[in-house]
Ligand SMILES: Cc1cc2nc3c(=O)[nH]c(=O)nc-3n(C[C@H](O)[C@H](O)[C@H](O)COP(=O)(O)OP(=O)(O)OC[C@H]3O[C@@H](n4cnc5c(N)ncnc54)[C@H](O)[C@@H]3O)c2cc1C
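As a starting point, one isolated chain is supplied in structure tokens, in the form predicted on its own.
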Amino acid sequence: MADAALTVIGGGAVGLAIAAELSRRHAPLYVLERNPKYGQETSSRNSEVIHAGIYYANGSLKARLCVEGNRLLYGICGRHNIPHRRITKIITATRPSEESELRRLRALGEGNGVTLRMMTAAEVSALEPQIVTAGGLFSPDTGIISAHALMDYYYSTAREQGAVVQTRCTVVAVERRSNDYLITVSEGGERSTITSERVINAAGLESDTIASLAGIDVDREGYRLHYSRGCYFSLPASLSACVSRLVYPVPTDETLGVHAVVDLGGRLKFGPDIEYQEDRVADYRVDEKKRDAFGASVRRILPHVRDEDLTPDICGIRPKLQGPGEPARDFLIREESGRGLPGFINLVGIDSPGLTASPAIAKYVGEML
């Protein structure tokens, strides 16, 4: 008999959500996390936005799971007192030529089931008088959340249902045997093994590595990840009241653009930018030399912000399936029986809106099992 009925590799928001959802039905359940504490990578280094589901292709997993996750997340927050605010969001056209893109985004979002409303320049200015606008798109269901409090909820729920969350535990080998998986882990330089009937790879930045350990050719199958750094700069408290909600520019091909994010403490930050890292080093430094470029991007929506007002803030790394200049890729969530790995589910390329989608992803994986 295997040590575990189910093992989740990765203790970020998605891995913990899966553990919270499935630990009651699949016991014993283990979560293996390489860091000293859960949620220390992508899950805690992001804008903490509850996305509505506007930007994603109709019928895609990102669209479906974001829209469902948005609804589920507000319910979880309300029932379990997780700090959040339905702060709303405006996508602003900074010139009349961008209004056609707003209409395209409205059609795309409404096709995903998102509630949206077009606004005139006067209506936008009535809500946010300091931003540049020729008209806007208003999202009433976009919000902000404490990612740490959400992960604490997932963690405590999983633990109460009997899950074992093992930190400082790096998976170094995965072997399919006749009826289970043999997982080799390294803890403090010492190696040991556990066996598991089923495995869920929710390893975030290293999810392609785990897939490779299980025997999948990640380059041939299109599972290879690209690390995309995203930095933020913030304003001092004295200037943070210049907007009262999330404000986004019209997006570009590769990014949603440097946008204004108000956090639960009222602090205002701007980001993220996009910078691919070929070496896949987890470098979280924010280079002050980026300040001028950030200032120019910020003034696209808030013209009064000076370069010297901006202070380096956080940096996160997004695990993207597409490389520089390539078309956006959907979430990859796949049960691998067809590759000789029954009961092995890969979750690769879970970038934005992964935090929002986390409770819906957990349900989706549960259905796959």
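Position 1 is the first residue in the sequence shown; the rest follow in order. Since the structure is predicted, the reported quantities are computational estimates derived from the model, not experimental observations.
What comes next is about the form predicted in complex with the named molecule, which is not displayed.
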Give a yes or no on whether each residue among 13, 47 and 203 has a heavy atom within 4.5 Å of the named molecule in the model of the complex.
yes
Of 169, 119, 214, 72, the only residue with a heavy atom within 4.5 Å of the named molecule in the model of the complex is 169
Answer among 97 to 105, 170 to 178, 188 to 196, 285 to 293 for heavy atoms within 4.5 Å of the named molecule in the model of the complex: the stretch 170 to 178
message: With the partner left out here, check for me: in the model of the complex, does some heavy atom of residue 60 sit within 4.5 Å of the named molecule?
response: no
Taking 4.5 angstroms as the cut-off for heavy atoms, does residue 158 touch the named molecule in the model of the complex? no
Just checking whether residue 35 would be counted as a contact of the named molecule in the model of the complex - the rule being heavy atoms within 4.5 angstroms.
yes
Notebook entry, point to check: Should residue 355 be counted as a contact of the named molecule in the model of the complex, where contact means heavy atoms within 4.5 Å?
Noted result: yes
Contacts from 267 to 281 to the named molecule in the model of the complex (any heavy atom within 4.5 Å), listed N to C, are 272
